[in-house]
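Given as structure tokens, the chain that follows is alone and in the form predicted alone.
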């Protein structure tokens, strides 16, 4: 009996000596277990739980931002649709000639002041840069007028010397025609131009917007194009009253046309911004939900593995005490 128990004890002590693990690895694991604080096995589940909590908070924020964008979109969309009737008579009278060749071009780039709205700002900047390359030349001058912080941050990197005027926080207060007309008057006073090219995003739906460019020509260019046989500035069929000359009427019409086109462009871009933000926040909420599902699965697997490991240790300890 004593010899049998000795053989069993011998096998128990000899088992670690013939283990496949290196002795250094066993020593390092023992040292790590001795130096580890209490509850070291629950650190992985705690990390996953904290990650799940942060993802839930992000999901709440994105859902709230989507609702805010939807309420703002409903308020702006009707005004943007009504403003489309302001510039259409000018287009019928003076035309819209994006291909006209002039010496002084001013590109008015409209963007947003805030981000998290998809790629509408990058699209406007790309079109502005492409238009700058098309209108550049040895005897030509092309300048930027920037409306919005996001376009300013992108264009100032490589086109700082070409920026003539920059205006931000345009949508801090509700937009109205008076505010935009004052802004248009400041632009006309501070820049010299033959053609103003307004680049903005035209609103189609919540998930669709179309990059658009409207061209406003100076009165001198309108008269030149009319004399050369073009359709621009065809005012001869209209009766002029008040003793004003054709040049004065064209000057007034050009200023009024620019303010109307700018007002519509700002509203259209604001609608596109809110629609893109709704889509972006909806996608973010769905991605957060998918990430939360994966984290929940990981958490359950980790917790189950920890419980299984503890049960194995309890059973092994009980078997050792019985043996």
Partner chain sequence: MIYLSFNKIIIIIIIILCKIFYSIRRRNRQKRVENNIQHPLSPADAPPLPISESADADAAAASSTTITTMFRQASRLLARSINQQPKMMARAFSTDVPATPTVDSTFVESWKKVIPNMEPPKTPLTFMQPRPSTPSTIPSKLTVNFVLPYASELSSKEVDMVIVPATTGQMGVLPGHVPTIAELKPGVLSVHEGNDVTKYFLSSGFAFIHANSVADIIAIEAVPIDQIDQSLVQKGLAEFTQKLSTATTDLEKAEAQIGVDVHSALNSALTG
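None of these values were measured; they are calculated from a predicted model. Numbering follows the first chain given and starts at 1.
Keep in mind that the form predicted in complex with the partner chain is missing from the display, and what follows is about it.
Undergrad: Just one of 123-131, 109-117, 160-168, 147-155 has residues with a heavy atom within 4.5 Å of the partner chain in the predicted complex, so point it out.
TA: Single hit among the candidates: 123-131.
Undergrad: Heavy atoms within 4.5 Å of the partner chain in the predicted complex: does residue 78 have any?
TA: Yes.
Undergrad: Within a 4.5 Å heavy atom cut-off, is residue 192 in contact with the partner chain in the predicted complex?
TA: Answer no; every heavy atom of residue 192 is more than 4.5 Å from the partner chain in the predicted complex.
Undergrad: Is there a non-hydrogen atom of residue 143 within 4.5 angstroms of a non-hydrogen atom of the partner chain in the predicted complex?
TA: It does not: once the partner chain is placed as it appears in the predicted complex, residue 143 has no heavy atom within 4.5 Å of it.
Undergrad: Is there any non-hydrogen atom of residue 62 lying within 4.5 Å of the partner chain in the predicted complex?
TA: Because no heavy atom of residue 62 falls inside 4.5 Å of the partner chain in the predicted complex, the answer is no.
Undergrad: Could you run down 177-208 and flag each residue that has a heavy atom within 4.5 Å of the partner chain in the predicted complex?
TA: Contacting residues: 177, 178, 179, 181, 182, 184, 185, 188, 189, 202, 203, 204, 205, 206.
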